[in-house]
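A lone chain, given as structure tokens: the form predicted on its own.
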Amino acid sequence: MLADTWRERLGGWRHLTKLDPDRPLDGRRLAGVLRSGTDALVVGGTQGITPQAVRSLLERVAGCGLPVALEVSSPAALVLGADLYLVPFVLNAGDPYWLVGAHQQALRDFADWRDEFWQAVVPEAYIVLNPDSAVARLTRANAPLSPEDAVAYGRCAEGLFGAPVVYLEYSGCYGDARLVARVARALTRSRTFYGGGIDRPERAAEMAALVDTVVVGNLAHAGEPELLAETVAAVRSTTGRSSSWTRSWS
């Protein structure tokens, strides 16, 4: 079970910054991320993930004053050193390896499954919505989806799998706000994350009004660091959906 302190913190995170171990991140950009006001860092990516790359990035952000979550997107991404471990499974994957196979492999091969590790694990039910994204190609995702199909996947995540987080993934493009709103409204316990195409404050504000948590990735590696801080301010100024997640999963 997720430790109480992390349940409480995750329940309050509205803006997350995702850092990709496979993408360049110079000191200036990293400093901009750390002073942006983001609630937490997520280390994760789809391509070129190696234990060495993940470990190197975790070491760079260790002691930065922000919570650090590691998204275990493949068995190669599973290394110790994070505060929280977000474990995704792709509901609309055409390749079942990404629904449960990768997780079984990690459980088989990773020897350090201590109680304190499990207390920091949070399952993420991914719904991949951009068919041209790297994650869609990797998982052979059934995408795009109609709003009705996306809502049904969200209800499966919450009602059948008990997922604390449902992640609406539009990586590589900006998403359909109407679809995002419909999925978020259908969920009463799972926390809704949105990621994809947040490249300016207006987009951050639009999605922040619909979901619980907005994830920004590309701005950490490209563009001016000040723009990332502007997305944080935009999210802070927006009231998100009324989530009962902290209470329901306590």
Ligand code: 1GP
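Being a predicted model, the structure only gives us computed values, none of them experimental. Each residue number is its position in the shown sequence, starting from 1.
Only in words, not in the display: the form predicted together with the ligand, which the text now covers.
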Picking from A69, V54, V215, V33, the single residue whose non-hydrogen atoms come within 4.5 angstroms of the ligand in the predicted bound form is V215
Looking at P147, P131, G172, G159 here, can you tell me which has any non-hydrogen atom within 4.5 angstroms of the ligand in the predicted bound form? G172
Among 73 to 81, 99 to 107, 139 to 147, 164 to 172, mark the stretch whose residues have heavy atoms within 4.5 Å of the ligand in the predicted bound form. 164 to 172
Give a yes or no for R14: in the predicted bound form, does one of its heavy atoms lie within 4.5 Å of a heavy atom belonging to the ligand? no
Decide whether I198 counts as a contact residue for the ligand in the predicted bound form under a heavy atom distance cut-off of 4.5 Å. yes
Within 16 to 53, the residues having any heavy atom within 4.5 Å of the ligand in the predicted bound form are K18
